[in-house]
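Single chain ahead, by itself, as structure tokens, in the form predicted alone.
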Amino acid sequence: MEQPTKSKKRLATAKELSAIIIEYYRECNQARIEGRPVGWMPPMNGAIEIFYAMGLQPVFPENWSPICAAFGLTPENFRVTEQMGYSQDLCGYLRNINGYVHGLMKQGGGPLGGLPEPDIIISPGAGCIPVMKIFHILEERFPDAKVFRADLPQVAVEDIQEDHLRYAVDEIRRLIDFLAETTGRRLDYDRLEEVVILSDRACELWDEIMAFRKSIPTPFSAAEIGIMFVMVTRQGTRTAVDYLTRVRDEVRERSRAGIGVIENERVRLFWDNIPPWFNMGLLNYFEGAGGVMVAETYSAAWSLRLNVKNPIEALAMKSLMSYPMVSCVSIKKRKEMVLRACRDYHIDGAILHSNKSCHPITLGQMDIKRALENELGIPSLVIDGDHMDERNFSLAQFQTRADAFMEMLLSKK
């Protein structure tokens, strides 16, 4: 098989995404030119809406890694990191952004204009260890940036108590005071309320879009999950709401008209773990035998509904709930999430991506595999790989195992 690196886009709105991505990074670099403060931060936290409400520019170094992978820049970034003494066994996001800021960025290179240097760094004290270490690296790389060291209790979603929420609210208020002091800008609370309403509306639209994928045939596949870009970078903006409204309308029309990803959908598949950003075309591979990647675990991480009546508390709760998606979720809870998704989306078979670059999300896959078979009668296939580093992936092995798996699923059908 000739190696497909880009996924096939069936949605017209998915094809619009490149313009939105280009505009976002143009805005990031324009902020630097205009003297608008730039802050680097992890994704899915309450700081995003506060930045947009205060007219500040949020930048997400973790999200930059899939962009680098899509442009084929990760090998060079990994080379720089490994020359610095970092192990190849570390998270691909960490190795990529470290290599970028110490390599291409210093040379003034990079796609889409590259990333502007940060005036502010939001350094998290929670989440997975590699994310925290990424920001420790960035603190050293950009010594002139003002650093806000965020601190949150790491507890599972089901264990969040009132005292945890109160602590998170205090952290959000501390962040607002820090930004006001650092930038000289005051937060307009009416504007914050507008931003939180937009953020919640984007989450509502995202949930609607994901629900339409339950249709048989499904109107779009995991190969087009790049639309989540706006859920990472544009939460709290009209851009996200307008774009997702167009996506929702198109997906709804396809669902009502019975238009599927392929002409003859025979097998509905589920992808567990982060997708392979360096080769999203792999998610289309099964279509040749009638298999469609209907759903995936990663899309569930980007929608957290907000209490718009209390914006500060809503953002505090969002920050609390975002970390357990990776670092504080039990194997039991992960198993429940996967089984529920496989029921809801009428899945015939699951692909479990054993991801060398993300051990927290990979933990428990053998338990999930057994539960899928024993409780739902759904076969699964474990694929060794990596969401960033293609050196940890064998295309020939993937092909051989995927072909055999599809033969087995089709024989069952």
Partner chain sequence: MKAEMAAPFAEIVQNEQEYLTRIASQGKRMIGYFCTYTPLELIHAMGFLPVRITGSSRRAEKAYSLMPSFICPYMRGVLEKGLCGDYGFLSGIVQGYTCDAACGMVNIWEENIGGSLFYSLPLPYNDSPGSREFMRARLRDLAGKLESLGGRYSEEALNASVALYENIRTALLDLYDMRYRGALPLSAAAFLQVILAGFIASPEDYLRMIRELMSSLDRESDQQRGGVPLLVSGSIIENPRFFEIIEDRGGRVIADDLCTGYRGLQPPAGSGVDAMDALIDRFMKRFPCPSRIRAVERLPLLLDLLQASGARGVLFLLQKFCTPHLADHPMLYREMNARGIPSLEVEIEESLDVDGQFLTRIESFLEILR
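Since we're looking at a predicted model, the values are computed, not measured. Residue numbers count along the first chain shown, from 1.
There is another form of this protein, the form predicted together with its partner chain, and it is not shown here; the text below is about that form.
Location of its partner chain contact in the predicted complex, chosen stretch of 307 to 315, 255 to 263, 185 to 193, 158 to 166 [non-hydrogen atom, 4.5 Å]: Looking at the other structure, the answer is 158 to 166.
Its partner chain: the contacting residue among 128, 176, 232, 241 in the predicted complex [heavy atom, 4.5 Å]: It is 128 that has a heavy atom within 4.5 Å of the partner.
Tell me, out of 359, 26, 36, 346, which residue has a non-hydrogen atom within 4.5 angstroms of its partner chain in the predicted complex. Here the answer is residue option 359.
Is residue 171 one of the residues lying within 4.5 Å of its partner chain in the predicted complex, judged by heavy atom distances? Result yes; residue 171 sits at the interface with its partner chain in the predicted complex.
Is residue 354 close to its partner chain in the predicted complex, meaning a heavy atom pair under 4.5 Å apart or at it? Flag for residue 354 set to yes.
Heavy atom to heavy atom, is residue 226 within 4.5 Å of its partner chain in the predicted complex? Flag for residue 226 set to no.
Would residue 84 count as a contact of its partner chain in the predicted complex, using a 4.5 angstroms cut-off between non-hydrogen atoms? Answer yes; at least one heavy atom of residue 84 falls within 4.5 Å of its partner chain in the predicted complex.
Do any residues of 63 to 83 have a non-hydrogen atom within 4.5 angstroms of its partner chain in the predicted complex? If so, which ones, in sequence order? Heavy-atom contacts to its partner chain in the predicted complex: nothing from 63 to 83.
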